[in-house]
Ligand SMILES: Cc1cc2nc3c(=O)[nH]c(=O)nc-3n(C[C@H](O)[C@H](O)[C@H](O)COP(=O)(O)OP(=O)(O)OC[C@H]3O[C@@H](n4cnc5c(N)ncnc54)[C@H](O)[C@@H]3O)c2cc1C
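Presented below, as structure tokens, is a lone chain in the form predicted alone.
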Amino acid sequence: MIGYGPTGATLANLLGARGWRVDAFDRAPDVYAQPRAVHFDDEIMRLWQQLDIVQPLSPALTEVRGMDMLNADGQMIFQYTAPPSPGPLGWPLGFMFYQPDVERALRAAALRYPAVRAHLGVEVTAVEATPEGNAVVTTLGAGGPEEWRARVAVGCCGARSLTRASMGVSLFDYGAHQPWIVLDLLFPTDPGLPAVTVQYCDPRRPSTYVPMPGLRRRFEIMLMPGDDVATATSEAQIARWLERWVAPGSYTIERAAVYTFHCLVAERWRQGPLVIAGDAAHQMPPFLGQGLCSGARDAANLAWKLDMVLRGTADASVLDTYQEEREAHVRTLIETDMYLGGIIQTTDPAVARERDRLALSNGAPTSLTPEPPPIGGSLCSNGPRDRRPFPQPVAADGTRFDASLGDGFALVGTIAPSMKATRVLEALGARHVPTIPDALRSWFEEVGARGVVVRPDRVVLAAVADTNALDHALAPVAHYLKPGALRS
């Protein structure tokens, strides 16, 4: 594993739980001590639930309450209000967090697995594939250069990924590059700022306010033509950026940095035993708060496929479905992010006025109701709820339904598999959960299903009405299974 940030540490936990040896390398001696990502959603909280890090994280989280988008006159033009929790995945729809806390929790959780070893303060200098189809990683640490051989090398090594460069992979560029200054502030007491995120869609200077846990608050200020980047993070200039919200001297500057938001997707995510994930594979603006989430989804998607390949259950070609599935999801998020960014970042007063008119055409702010996109690829069926996360009801005693599913595949419902389907499900190590919770009955009725195949990453492979449909739904997965994995 090259890179031990959130994506790499998530993947290390998922593989460690499956018994695999993981050597993770990171050139930094400790987690990056300042906030970067600040939001994750309910799907990722569900993943943290699977990794059993919810309890240590919970005190450091703030539930997302919503987002207001204001025009130059301070009038609300768009609004998102968080629905009552828990949501359909068993958790509130979003959380604000302090990234070092998440990284420390992930690394501490990985220590449970003796086969997961972190090599911190060690730089990876080369990543190569051998003619035999293995990976060779060369590192430089205090003891000098070392060479490590592995069956797979996963590059979770960020936007300037050495692994991606070693694969000779180019980036698809959406052509959206906008510099912003990001300011993370610490206050001695509650500063009395809004409890929701606020997008100031003012063409004179688009800006963002983000409430964070505790006494941290973030401001993001769009840099305009003529701004002096060299002085943008000086204390005096920061005071000018913030004077409309907070008084100089009322806060401590934890971090001030100029970031250029990019929209990029790697053209290829796998080359033999070399694979990339997280920012190495895709980069997006922060408006939807999906950067860290996307890397964690990469890890969840990749982990069970790597497990099947390493165990000899599936052919290595199943790893090609990783990009097929994740790229479609990521591109939809990036394009939605760009659309939202266009609403926020417009600097043309005439365009802004027309935006405001359309947003208020019904006499009230336009309500934002984000809908997570489905994954792509050919493994899943195409029913109305396939390719999306399976719901997770919460029982009266607080038990979440995933506890019944286990960590692998599951067949939920009353359907009786054929012998053909049984062979495939056994090869997948699937658990049968025949009892449908009352809270899921309306979901089953809505999609007309008697059975649902849920993948280890909690994505619905297929919701089926009968045995023949189940046979058909399992065929794409069975295609990748090695003959020896299927009992006669």
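Each residue number is its position in the shown sequence, starting from 1. The shown structure was predicted, so the numbers you read here are calculated from the model rather than taken from an experiment.
This protein has a second form, the form predicted in complex with the named molecule, left out of what is shown; the following refers to that one.
Self-check item: Interface residue in the predicted complex among R423, R36, R450, R431, criterion: non-hydrogen atom within 4.5 angstroms of the named molecule
Solution: It is R36.
Practice item. Only one of A60, V54, I436, A28 comes within 4.5 Å of the named molecule in the predicted complex by heavy atoms, so just point that one out. Key: Among A60, V54, I436, A28, a heavy atom within 4.5 Å of the named molecule in the predicted complex occurs only for A28.
*Heavy atom distance at most 4.5 Å to the named molecule in the predicted complex, all of Q50, P456 and V459*: Verified in the predicted complex; spot residues all out of contact, no.
Partner-facing stretch of 226-234, 85-93, 282-290, 240-248, counted where any non-hydrogen atom is within 4.5 angstroms of the named molecule in the predicted complex
This holds for exactly one stretch, 282-290.
Hey, in the predicted complex, does G158 get a heavy atom within 4.5 angstroms of the named molecule? Yes, contact at 4.5 Å.
Contact with the named molecule in the predicted complex for R218, defined as at least one heavy atom pair within 4.5 Å: yes or no?
It does: once the named molecule is placed as it appears in the predicted complex, R218 has a heavy atom within 4.5 Å of it.
Proximity of E335 to the named molecule in the predicted complex, heavy atoms at 4.5 Å | Outside the cut-off, so no.
- Contact test in the predicted complex: F261 vs the named molecule, heavy atoms, 4.5 Å: Because a heavy atom of F261 falls inside 4.5 Å of the named molecule in the predicted complex, the answer is yes.
**Asked** Which residues in 121-156 have a heavy atom within 4.5 Å of the named molecule in the predicted complex?
**Response** V122, E123, V124, C156, in sequence order.
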